[in-house]
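A single chain, nothing else alongside it, follows as structure tokens in the form predicted alone.
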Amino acid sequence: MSGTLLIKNKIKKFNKEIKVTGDKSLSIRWVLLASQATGKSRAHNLLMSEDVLAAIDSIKKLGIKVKIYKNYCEIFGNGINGFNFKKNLTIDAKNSGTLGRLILGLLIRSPIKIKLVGDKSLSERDFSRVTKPLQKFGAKFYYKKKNKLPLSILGSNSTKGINYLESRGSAQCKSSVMLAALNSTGTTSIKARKSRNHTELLFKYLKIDIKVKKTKKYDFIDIKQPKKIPSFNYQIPGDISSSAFFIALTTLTDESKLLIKNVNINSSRTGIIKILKKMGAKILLKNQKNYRGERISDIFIKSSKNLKAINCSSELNSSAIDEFLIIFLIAAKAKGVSYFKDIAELNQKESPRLDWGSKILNMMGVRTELTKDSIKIYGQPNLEIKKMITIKNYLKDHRIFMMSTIAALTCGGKWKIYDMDSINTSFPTFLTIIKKINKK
């Protein structure tokens, strides 16, 4: 057993200031793009979670030199397609869908087969979503079990740009194709349903030839292969997905205030703020600034007693896809019936999160109505749990662990939450920050 968290008491009121760890999406993208740059790149506040360390280990196996210091990390890139492809190489993406899918985009010119593996959870996820478009570049894929890990990729030495429709709103699939475009002659054209745009912003900052035309539902992206990518330094801002748990904690704890410093508030990621504000949460963005194309801000939150239900617009889904579990918890304490639709994508995550969100609320005594792509939550503003709740066998999904922890601290009851080490994939300091907030 990998550690069990017992929570018997609700959190006491607080007024604190915190910093959360570096943005996971940006951390993994920095590692992969720095490996394609020419020369030494340096990142401060790089998230040192299992997902990011797996990305670092992957590029090291591909011949890229990496140095990790106390406060920063250095990567010595060998240029585009500058990997050293060794025989019998296995890349382990562990639990990271971002790493697993994105690194395949960088391997489309591998002259030998490279094996990609992952943990039990990642091995259940559909990889055809990236292998199908990458095949159009000329890469070949070999499976033991169709469309699932483990798989092997064999690249092509004559990759040409493709046309690609990304219809699900997956930043991972879009970014994998964008990284493949770095290794392909001509132009790669992507029509992508709205999703987070960190890769586009990094490409623009690195002066890669990229054109983006935005419409209401889709972005049209054209990328031309660059001759080289310059080395670059990056100060990774705080992660909005990690901040979400503390936004919820403060919102649901009486007479409390919290300031979270220096968080990435990229508009493709701030669905949680828009949704919770519509529900009556008191959230204020302070000291906003632009950094390398990303919006950075301090987030100030006050507790809110008068939360109201929401009929959530599907247009907000892609910008809140990783935060819905914690949004469901807020809805459980809101007045009225909240409705979230077109969210089947939640069941394609580290665990079937839509199903699990409903299951945990039911355990708490909250009524839900669940379909394969929607949920209705019948809120109870005066919800107080008196019983024992046990959370286990959830595929070690870090967000289920953290959502359950926040539920325990704000709704009462006695909670036994298994697999405490699940947080190491994305937010190893989560419980340390909880203790800091709870300390008088």
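In this text, residue numbers run from 1 along the sequence as written. Not measured: the values here are computed from a predicted model.
Heads up, the form predicted together with a small molecule isn't pictured, but that's what we're talking about next.
Distance criterion of 4.5 Å from any heavy atom to the small molecule in the model of the complex singles out 321 from the list 366, 114, 321, 248.
When the small molecule is considered in the model of the complex, only one residue from 95, 264, 253, 170 comes within 4.5 Å through any heavy atom, namely 170. Using a 4.5 Å cut-off to the small molecule in the model of the complex, not one of 193, 268 and 341 places a heavy atom inside that distance. The closest non-hydrogen atom of residue 25 lies within 4.5 Å of the small molecule in the model of the complex. Although the partner is absent from this view, residue 101 contacts the small molecule in the model of the complex, with a non-hydrogen atom inside 4.5 angstroms. Mapping the unseen interface onto this chain, residue 396 falls outside it, with no heavy atom inside 4.5 Å of the small molecule in the model of the complex. For residue 349, a non-hydrogen atom is located within 4.5 Å of the small molecule in the model of the complex, even though that partner is not displayed. Only one segment in the set 55-63, 383-391, 25-33, 405-413 has residues whose heavy atoms sit within 4.5 Å of the small molecule in the model of the complex; it is 25-33.
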